[in-house]
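Shown below, as structure tokens, is a lone chain in the form predicted on its own; questions about how it binds or moves come after it.
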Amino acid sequence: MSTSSFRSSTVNPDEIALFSKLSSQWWDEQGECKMLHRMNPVRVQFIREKMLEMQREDTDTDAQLDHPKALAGLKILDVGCGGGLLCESLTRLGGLTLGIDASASNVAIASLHAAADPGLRLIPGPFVPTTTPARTSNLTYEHTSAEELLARGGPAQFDVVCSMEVLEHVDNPRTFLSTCAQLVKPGGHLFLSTISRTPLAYALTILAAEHVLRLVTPGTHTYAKYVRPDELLGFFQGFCCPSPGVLGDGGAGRPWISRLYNGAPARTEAETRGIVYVPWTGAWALVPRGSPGARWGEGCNYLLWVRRPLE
């Protein structure tokens, strides 16, 4: 697909060029992507636990906390999939997973890695929307943008949409969020992870990670593009999906977040959770819900889950 195909999207060509140069390092656990490798188990933990929590809420039964296929039969989209770290994990949880990326080299690396794993059922793209339930989990990759996927297949295609460490790299984040949200089915789930715009985040992700420790290439992050948790919650408090057949930034339906209680949404509508790196263990940790330092824990990297209302 040519770069001109993305002209009307939120894709930033300079960001894509940077990450395309790094594509060969995606599966090097000691290379530039090593922090993402260490972060991935925590992202998967949050997604899995939140989905099981909502299954218990919806069915009024005790979904097994150790269920090995928490995403069985669900259609999942990973926007900005990179080399496929999250996609492979979601597929192993039973998901019917589509990973999309605006970098052709990222998609090539992701496909090559998945093809070498006999435990993954890799289906060549392009992705074709279908209402026929699949019998087994599968994985597809495609070089495209979220905007093009929405224009091609229409809204409400997926049970779960994820976009991890992408929001802080796009142009026009409101349009990007709206696009991702429109791809979610009524009653479906949107998971995001990004970096908050705070002095702490600047010190850790730019000053330390880029310029002092050289963990990532200088220029990887732009502080002005960071988004605070309260800004994301505010967006979804005012966001309503457009009416059927209409693509846009809002509609006449119910807002995704009905109200905030002391700055926090209802547990069944949305949730933000900080993720922190613990240097003495060399691993990331999910900040416990309701802990005394929970708000402080969202001062740098954090996750968001929000659910589309039933219509």
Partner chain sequence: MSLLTRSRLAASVCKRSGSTGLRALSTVVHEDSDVVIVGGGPAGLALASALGSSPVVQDSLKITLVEASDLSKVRDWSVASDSFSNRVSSITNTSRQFLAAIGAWPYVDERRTMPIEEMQVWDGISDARITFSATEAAPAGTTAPEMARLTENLNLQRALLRYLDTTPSIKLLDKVKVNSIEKEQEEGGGWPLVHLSDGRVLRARLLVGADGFNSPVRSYAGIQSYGWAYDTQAIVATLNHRPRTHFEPPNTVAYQRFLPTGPIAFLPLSETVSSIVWSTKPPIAKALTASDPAVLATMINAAFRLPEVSIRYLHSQILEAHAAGTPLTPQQILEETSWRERSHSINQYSAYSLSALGKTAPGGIPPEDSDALPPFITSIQPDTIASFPLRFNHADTYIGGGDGARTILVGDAAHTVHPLAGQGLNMGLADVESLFRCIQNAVANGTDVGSHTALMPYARERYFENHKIMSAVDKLHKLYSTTASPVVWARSVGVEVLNELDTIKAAIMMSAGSSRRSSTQEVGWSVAASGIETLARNINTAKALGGGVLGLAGAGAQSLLKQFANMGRS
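Numbering follows the first chain given and starts at 1. This structure is a prediction, so every number in the text was calculated from the model and none was measured.
Below, we turn to the form predicted together with the partner chain, even though it does not appear here.
Judged by heavy atoms within 4.5 Å of the partner chain in the model of the complex, the contact stretch among the candidates 268 to 276, 53 to 61, 253 to 261, 24 to 32 is 24 to 32. Although the partner is absent here, residue 286 sits far enough away that none of its heavy atoms falls within 4.5 Å of the partner chain in the model of the complex. Though the partner is left out of this view, residue 121 does reach within 4.5 Å of the partner chain in the model of the complex, counting heavy atoms only.
In the model of the complex, at least one heavy atom of residue 116 sits within 4.5 Å of a heavy atom of the partner chain.
The partner chain in the model of the complex is not approached by residue 143, whose heavy atoms all lie more than 4.5 angstroms from it.
93 is the sole member of 183, 201, 74, 93 with a non-hydrogen atom lying within 4.5 angstroms of the partner chain in the model of the complex. Contacts with the partner chain in the model of the complex, taken as any heavy atom within 4.5 Å, map within 280 to 294 to 280, 281, 282.
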